[in-house]
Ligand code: NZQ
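Quick heads-up: it's one chain on its own, the form predicted alone, in structure tokens.
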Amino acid sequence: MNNFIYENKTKVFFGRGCVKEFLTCLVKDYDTIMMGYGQGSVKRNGIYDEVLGILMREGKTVVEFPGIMPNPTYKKVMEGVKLARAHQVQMILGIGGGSVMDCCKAVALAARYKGDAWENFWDRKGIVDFEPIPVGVIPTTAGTGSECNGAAVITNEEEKVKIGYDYPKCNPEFALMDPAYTFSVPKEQMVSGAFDSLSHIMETYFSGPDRDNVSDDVAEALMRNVVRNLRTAVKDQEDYTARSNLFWNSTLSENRLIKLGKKGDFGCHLMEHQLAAYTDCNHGEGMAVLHPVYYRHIYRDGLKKFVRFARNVWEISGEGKSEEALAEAGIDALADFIREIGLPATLRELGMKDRKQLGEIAESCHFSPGSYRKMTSGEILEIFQECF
């Protein structure tokens, strides 16, 4: 394996009832806590009342930061920064999905920084040589894996760019992961989130080095587990075993573990981020549209790995098939699975009505250095046209 340094400071409390059992002791050293959440679902499903009740019983001053949207914007981040500074917030507690967790981590970073946070931490990779506000998270969806990393993917609406870097100092101090909290998520959101986990694993897996390494073996096991448990969860959304497995798969896909010694090809993510910056499309659904088409463009450049994918993830026999045919069969299996679980396969199904913006979006996409082949804006446009 290649050389690496591994760091992950987030302490995970996993299982039914973990919020009631552990939240009190985890916030004991903080008097003023900002509670960040989305657009109302945590109030409808009772999670908000449970968490707020614990904080109030402990005598905490709670500063509410509601309305965090999917694809959180830098404007929303700065709204949180203003609140955090005005109330001298000592901890930020994010309750919700990846967007909420990302926004809270971004607020924690920007609130303690005196310069232009966008310019120095999102527009380019920066150095966090100070301590952000401590963050704790209570995830309510499985998908992004944001609970165990320091990434905060944020959209700058003015610049039409969606981007994020992983800063270890922004890792949450703790993550309280109760799989039962994910039961209230609509089926469509559950499916798109789980596919996002699969996407994270694939983007790490389909990159060098391809010689024997632990990360690829672990990635194959995780991909098989996501596929198996997502099929189960689609049939029974309250299957606790399936939902808990998908929850932990999400964390393992993005806690840096399978990235060790790998370059990582997040070209599809970079393409989807720009689609979202222009259209505000659902992230997991956008990834589902892009992946099969993108892989048909690059599989010959990483043929051996795509053959492994077909054999070890989809259990496709190579008998009577050339390596190219077997690799293509694996990509076809992925496309069939996307349809099977009800995700869209075209940009039209995502709500795009015409092709006019595709050229501009393609020009705005960044190159992923870990890709098997360097993508030009022209080829990215081809991929978008084929997806349309």
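From 1 onward, residues are counted along the sequence shown. This is a predicted model, so every value here is computed, not measured.
What follows is about the form predicted together with the ligand, which we do not show.
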query	finding
Non-hydrogen atom within 4.5 Å of the ligand in the predicted bound form for each of K105, T144 and H273	yes
Option from 358 to 366, 323 to 331, 336 to 344, 44 to 52 whose residues, in the predicted bound form, bring a heavy atom within 4.5 Å of the ligand	44 to 52
Single option in N171, S99, T204, N229 placed near the ligand in the predicted bound form, where near means a heavy atom within 4.5 Å	S99
Contact assignment for the ligand in the predicted bound form, among L260, I316, V185, V81, heavy atom within 4.5 Å	V185
4.5 Å heavy atom contact, G40 and the ligand in the predicted bound form	yes
N249, heavy atom within 4.5 angstroms of the ligand in the predicted bound form	no
Heavy atom of P72 within 4.5 Å of the ligand in the predicted bound form	yes
Contact label in the predicted bound form: V218 to the ligand, heavy atom within 4.5 Å	no
Heavy atom within 4.5 Å of the ligand in the predicted bound form - qualifying residues of 274 to 291	H283
